[in-house]
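This document starts with one chain, in the form predicted on its own, laid out as structure tokens.
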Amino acid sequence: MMNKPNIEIVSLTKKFGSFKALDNLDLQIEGTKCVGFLGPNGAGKTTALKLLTDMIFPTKGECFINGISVQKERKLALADAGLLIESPEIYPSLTPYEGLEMVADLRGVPPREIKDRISEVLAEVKMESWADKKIGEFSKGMKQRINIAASLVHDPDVVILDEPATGLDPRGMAEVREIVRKLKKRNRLIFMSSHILQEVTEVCDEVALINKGKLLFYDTLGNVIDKFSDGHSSVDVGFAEPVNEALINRGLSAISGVTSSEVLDPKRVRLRFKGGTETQKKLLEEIVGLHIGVVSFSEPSSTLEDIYMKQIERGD
């Protein structure tokens, strides 16, 4: 068995009658990071996660968590996995503490550790002050945070999330993204399905794209953008103060490699440049060296969106 947390999907196929939801899917993920599992609705994402967590049985193939077969040794394989598939809800008549106590007991957390574990996971999802309120009174975003807490209560090193922000309002989506960012700091492997490209761009280190049950690619976000962006890339640069046209023309547009600039709003400019990750690194160094109040530097979600749409269309 590997020492690092890992997920392996081998020749995974699932048929529902004559419909093939997954078609010989192979995917191997290792290490503490967040991997976005992307694809349009109906691509097979949830089917793959249900097979990975033994909620349904494969037509062919096998899944492994930390080197243990989910299909052959379900209990052992899932012991170190936190699962949130299709957003189940804890009984609304319970408080978060009562619900998490029940989940902790089912997950085999030693009784002497349950209280501390509940306190820790409620803190992770920022719900400590709601521990003794009825869950039925919560908003959808608050309930989702409790669902995430339930997946963490036994301190797993692999966390599998099925579109955790779907159906939430903008505030709820932002809260879930922030929680996932913090989960990455706890030495966990997070495998998260999503069709929200901004979510993947903001929180994921790597991305796997599937369509019609087949894997189209799996790589780091940076490598995907380098490979599929036809030699050009974009970055959004944020400033502490509004920037004027003269500064853009004199400073930013004159930097070596920059091919165009676009003002997105008074404090944000999108730069298009030729090259990949190394060029982007040098570009950031030069912009910071201009001492013009840079406060953010990020790849726009539209870059991944363009790649996503092109690859899906090509797959059709």
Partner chain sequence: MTEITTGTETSKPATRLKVPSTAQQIPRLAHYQMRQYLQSRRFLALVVIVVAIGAIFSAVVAIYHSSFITSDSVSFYGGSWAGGVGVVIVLAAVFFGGDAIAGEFQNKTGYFLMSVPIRRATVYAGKFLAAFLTSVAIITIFFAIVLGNGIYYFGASAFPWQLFFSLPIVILYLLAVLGTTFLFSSLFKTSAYGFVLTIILFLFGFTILQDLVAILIKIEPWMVISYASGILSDLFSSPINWGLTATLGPVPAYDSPGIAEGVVIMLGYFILTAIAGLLLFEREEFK
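Residue numbers count along the first chain shown, from 1. If you superpose the two forms and keep the largest set of C-alpha atoms that fall within 1.5 Å, you have the rigid core. Source: prediction; values computed, not measured.
Keep in mind the form predicted together with the partner chain is missing from the figure; the text below concerns it.
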All of 145, 177 and 282 within 4.5 Å of the partner chain in the predicted bound form, heavy atom check: no
The single option of 150, 207, 165, 190 touching the partner chain in the predicted bound form, heavy atom within 4.5 Å: 150
In the predicted bound form, the one of 196, 83, 173, 225 near the partner chain [non-hydrogen atom within 4.5 angstroms]: 83
Location of the partner chain contact in the predicted bound form, chosen stretch of 196 to 204, 151 to 159, 209 to 217, 237 to 245 [non-hydrogen atom, 4.5 Å]: 151 to 159
Non-hydrogen atom contact residue 94 with the partner chain in the predicted bound form at 4.5 angstroms: yes
is_contact(residue 141, the partner chain) in the predicted bound form, heavy atom dist at most 4.5 Å: no
Residue 16: touches the partner chain in the predicted bound form, heavy atom cutoff 4.5 angstroms: yes
Proximity of residue 131 to the partner chain in the predicted bound form, heavy atoms at 4.5 Å: no
Within 4.5 Å of the partner chain in the predicted bound form: residues from 39 to 67 (heavy atom criterion): 50, 54, 55, 56, 57
Displaced residue check between this form and the one not shown: residue 78, CA, 2 Å or over, core reference: no
Core-superposed comparison between this form and the one not shown, residue 193 Cα displacement 2 Å or beyond: no
Post core alignment: residue 210 C-alpha displaced by 2 Å or more between this form and the one not shown: no
